[in-house]
Structures are given as C-alpha cells and as structure tokens.
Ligand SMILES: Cc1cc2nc3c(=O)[nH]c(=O)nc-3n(C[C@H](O)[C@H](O)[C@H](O)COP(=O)(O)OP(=O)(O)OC[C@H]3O[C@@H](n4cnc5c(N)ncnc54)[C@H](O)[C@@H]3O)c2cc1C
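Given next, in structure tokens, is a single chain: the form predicted on its own.
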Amino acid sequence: MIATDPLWVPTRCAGLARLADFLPRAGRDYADRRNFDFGPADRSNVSGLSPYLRHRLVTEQEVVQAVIERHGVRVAEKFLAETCWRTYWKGWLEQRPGVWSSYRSEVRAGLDSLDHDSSLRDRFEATTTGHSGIECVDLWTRELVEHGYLHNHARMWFASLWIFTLKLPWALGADFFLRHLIDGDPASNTLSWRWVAGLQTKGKTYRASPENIARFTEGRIQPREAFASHAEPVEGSPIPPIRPLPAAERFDPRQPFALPLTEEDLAIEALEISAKSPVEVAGMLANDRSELWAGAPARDFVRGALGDALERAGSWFGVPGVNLDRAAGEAIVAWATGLNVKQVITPFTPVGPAREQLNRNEAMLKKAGIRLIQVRRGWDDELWPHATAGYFGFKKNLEPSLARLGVFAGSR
C-alpha cells in the first residue's frame, strides 16, 4: 500500500466523499473565503477536489452537476468558474499544442543555463531547497515539497516572486510546480505561470505585494523583505494560431479491445465504453513529466490513483488489470499482441507528458497493425471548442453548453 497524505487519499471513493463533504460550502461560503490561505492545517475554505479532478477520479461534470443541484448557478458561480477554468485551460492548450512544446524547450534551455551560470544555479538551488532568503517563499517551498499542494493564491504569489524578485526562469518554476503538485496539470500549471509572467495575456503580469499576502493570510505571513516594485512582461515567442480540434474518434464495439489507462482520466465508470468489456485493462505511468525527479507526494498520488482505477476496472468489467512498466511502447505492443486485439482504446489524453508518451506508443502499435483509439468525453467535445480566446468568451457559452450536456443550468 502506497503511503499518501491522509488529506488526499488517491481513490475515486475518497474524491466522491470529499465532494459530498464540501457541497454545503460550495455556494456563498466558498465565494467569501476562497481567496484566503490559512496554511496546510486548515483547508476548510476550499474544496480540496483539484487532485481528483486533475486525474479525473471524479469528473468535472459530476462536480458541476452536484453543485448546481445543491446551490443553483448564481449562488455557486465562483466555485463553478474555478472548476471550469480547468476545462478552459485544457481546451485552450489542446488547440495550441505548440505552446506546450515551447514550454518544454524553455525548460531544457533553463536547465542548460544552470550548467553555465553559477549565479543562476545557486539561486535556483537555494530557492528549490527552501533557502531563497525570502521567508514566505521558503515557507511555500517546504509546504509544496512536503504536501504536494499550495493554495491557488500562494501559487500566484510564489510564481510572481520567483520571476520578478528572484529573477529565475519562469519555465523552471513551472517545472518545479509540475514535479511536486499532486494536482499538477500540464495545461493549468503552464498557462498560469505564463499568465503571471505576462506571456499569456499580452502585457499583463501579476506582481505580488506584501500587503496582499498579509491580508489574504490574515496576518499569518507578514513579509518584511523587499519585493520587486515592477513586473515587466517576460520576452517569449508569439502564441501560435489555433489548430482545430480533431474529430472525436470512434471504435468498433463488435471487435475485442484492450483498455490502457493513463493518469489523465481514471473515472472508468463514466466512460463512453463503460458498457463494453475489454479483454484486459492496463495502467500506464508516464514518468517523464520533467527531466528532474518528481516529488514523492505527486508520484505516490498518481500510483495510488492508477492502482485504484485498475481495481475498480476489475470489478466493473470483470477482467484482470495489469501495470505496464513506464508505459514503454514495446511493453504496450507486446501486451496488445499477446491479447490478440487489433484495437486499443483509451480515454482521450490531452496535451502533456502522457500524450507525448501515447503518441510514441501509437506509432509503434500502428507498425504492429494495431489501432490506438482515444475516446473523448462529451464534456470536452462540448466545451473545448469554445476555448479559443479569453475566459470570458468561454464563459458566455458555458450555460448553453451545460444545458446541452444535460446539466441543470437554471438561474436560481
């Protein structure tokens, strides 16, 4: 059994229980208190659902449906917006995958710079080990590494201080978060760091201030160090043009298939294929979220979540579940060939490390005469195409989209 933080047990059952516990507070209570960071000992003002949503142990549609039924759209507007921001970021990046490729290149360039710039290397190592010299940054670093989580407001403060005060490369900061956050999502994490740096919304940056930190920690943190007085946008490549989403793939339900699962979507009970039984189910762990080693809380949560999904899949489909070592292409081809299947079906994997691995696997499966089919959820099919510009344009289409999905979207 993998040891995990008791606050976030990596199972669907725990995620649904957390949703049920949070529901009474998802309306006005959440709107009034969501921006306050009371520290790791008190997360009562936020849902704590992000690790479960990130890996789809619980789906966005399940959460939104439950919250609307309890509070209505207007009362729960702030929480619904926070939940749907995750969908917006995914849809935005899915239509601009070049931004992810550029980020990966910037991480590699940043790591190379550490080998040639001793001052930069010293600042990077000091900050990532909790010795930056800025008390609140060091506090958040220790919290991140130990717990795998930071309040969203603290993430913004940290990113701003990393970029504008400590003068560290934004991409290395995004990589640091992705390595340690148990809810580290390639889209939300990358694009949020880009937004702080002034790369996402042209000319707009986020500058942390001691007063804001003191206010929203209720005096728990009162910075005394000098922060950057200006936050000039970071230079970067222009945002590439939109690439239309590919049509959703279809599979032949009459033919036998194997079902590999990645960390991106583990609510197998709510999949389009849940009424069909695969020959076998496998868990594929992509270990290349970074060239540097991921933190223990993040690694343990993913492993536990995959294990939980395999166990549930065994009960749901009545078939065995196996782990494929590092999701290597050779292992997947041997697995599918051994099962004598010609189609391998998996939940759609959005842009990120798992998608990169899956793309390599797809090429190898194709050579073996096996088709890889990614089944996209109706939630993503409906909402992602609206993530073409800013969030407010996306938001205008939200209620009609929820109505089409069968989610109550009344005005109460």
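All values derive from a computational prediction rather than experimental measurement. Heads up: residue numbers just count along the shown sequence, starting at 1.
Just so it is clear, the following notes concern the form predicted in complex with the named molecule, a form of the same protein that is not shown.
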item: In the predicted complex, the one of E263, D175, D185, E94 near the named molecule [non-hydrogen atom within 4.5 angstroms]; value: D185
item: One residue of F124, F164, Y149, W140 in contact with the named molecule, assessed in the predicted complex (non-hydrogen atom, 4.5 angstroms); value: Y149
item: Proximity of S132 to the named molecule in the predicted complex, heavy atoms at 4.5 Å; value: no
item: 4.5 Å heavy atom contact, Y30 and the named molecule in the predicted complex; value: yes
item: Any non-hydrogen atom of W85 within 4.5 angstroms of the named molecule in the predicted complex; value: yes
item: Contact test in the predicted complex: V351 vs the named molecule, heavy atoms, 4.5 Å; value: no
item: Residues A159, N189 and S192 all lining the named molecule in the predicted complex, heavy atom within 4.5 Å; value: yes
item: Partner-proximal stretch of 352-360, 368-376, 66-74, 47-55 relative to the named molecule in the predicted complex, 4.5 angstroms, heavy atom; value: 47-55
